[in-house]
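Here's a solo chain for you in structure tokens, the form predicted on its own.
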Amino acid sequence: MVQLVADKHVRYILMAEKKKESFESVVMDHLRMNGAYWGLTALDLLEKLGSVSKDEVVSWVMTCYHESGGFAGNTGHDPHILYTLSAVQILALFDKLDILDVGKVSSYVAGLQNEDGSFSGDIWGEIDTRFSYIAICCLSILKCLDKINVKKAVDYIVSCKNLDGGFGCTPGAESHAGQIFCCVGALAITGNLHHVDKDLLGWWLCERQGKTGGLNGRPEKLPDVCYSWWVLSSLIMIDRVHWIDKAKLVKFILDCQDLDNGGISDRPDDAVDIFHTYFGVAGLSLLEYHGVKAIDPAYALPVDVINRIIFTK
């Protein structure tokens, strides 16, 4: 079987950061904070975070900070809850959460909660269960969950549960593996997994595995490496991961590697990118692949980073 070409993936991630004039870099300029989180977390999982300059990264992250307490996707852009979590996660990777004005950042996130318990992404008001997860994950890392109405937040997430056991982005919306991760992750962090029908959801999630071993996000869709994270992490959180064929999934992820230049794609022989490289490595981490550090399925950060946060006063 093909092996993980970890060194080539590390080189690919480091080179991607230097190609600021490339088409891919330009079109992703507005979400560079997310890209930094994907790349840096992948490096940490491969035990190569020391390959980048901590000071340079932290300094850039702080140029994206707004007086509102939120972070933007890049310098000069508007703040959004998506990029705020990525910024907090990056600072957590480098053990630099102490440079944050935690009160201000947590107030920004808490201020996006709506009367029904849902969360908006920013001042323009889009609502999505992704934002519920992001708010809960971010505030938990900052140890400020008491700033929101957790019961209302949980009740809103539960209202997005469907008859198939899955969750959608809003009440009545179609079940989707990405939204399921967000809802299950938020419920796990808040200690509310009893709201999940684990057998029913576990069945829906394990049905996402196709003949190639890869996982898709919903019925009748093609497999995609990124669902090695969204589906697998959810199965682990509800203790049903033994319902899929792990060996076939490992093979699918490894077959999506660019063995010459590094990086991982959505499917075999497609173009690689940072997003799928991170989620491929993260999937292998959940599958306990040799040489990849353990990742926390709820927080999407290395277990040692989460332990450091939880066990630090």
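Just so we're clear, the structure is a prediction, and the values are computed from it rather than from any experiment. In case it trips you up, residue 1 is the first one in the sequence shown, and so on.
Here the subject shifts to the form predicted in complex with geranylgeranyl diphosphate, a form of this protein not shown in this document.
At a distance threshold of 4.5 angstroms between non-hydrogen atoms, Tyr65 is out of contact with geranylgeranyl diphosphate in the model of the complex. Contact between Tyr227 and geranylgeranyl diphosphate in the model of the complex is found at the 4.5 Å heavy atom cutoff. The closest heavy atom approach of Arg218 to geranylgeranyl diphosphate in the model of the complex falls within 4.5 Å. Geranylgeranyl diphosphate is not shown here, and in the model of the complex it never comes within 4.5 Å of any heavy atom of Gly213. With the partner omitted here, the residue from Asn162, Gln209, Gln89, Ser118 that has a non-hydrogen atom within 4.5 angstroms of geranylgeranyl diphosphate in the model of the complex is Gln89. Only one of Ile157, Cys182, Leu201, Val231 lies close to geranylgeranyl diphosphate in the model of the complex, with a heavy atom inside 4.5 Å, and it is Cys182. Of the stretches 234 to 242, 184 to 192, 170 to 178, 71 to 79, only 170 to 178 has residues with a heavy atom within 4.5 Å of geranylgeranyl diphosphate in the model of the complex. Residues of 130 to 145 lying near geranylgeranyl diphosphate in the model of the complex, listed in sequence order, are Arg130, Tyr133, Ile134, the criterion being any heavy atom within 4.5 Å.
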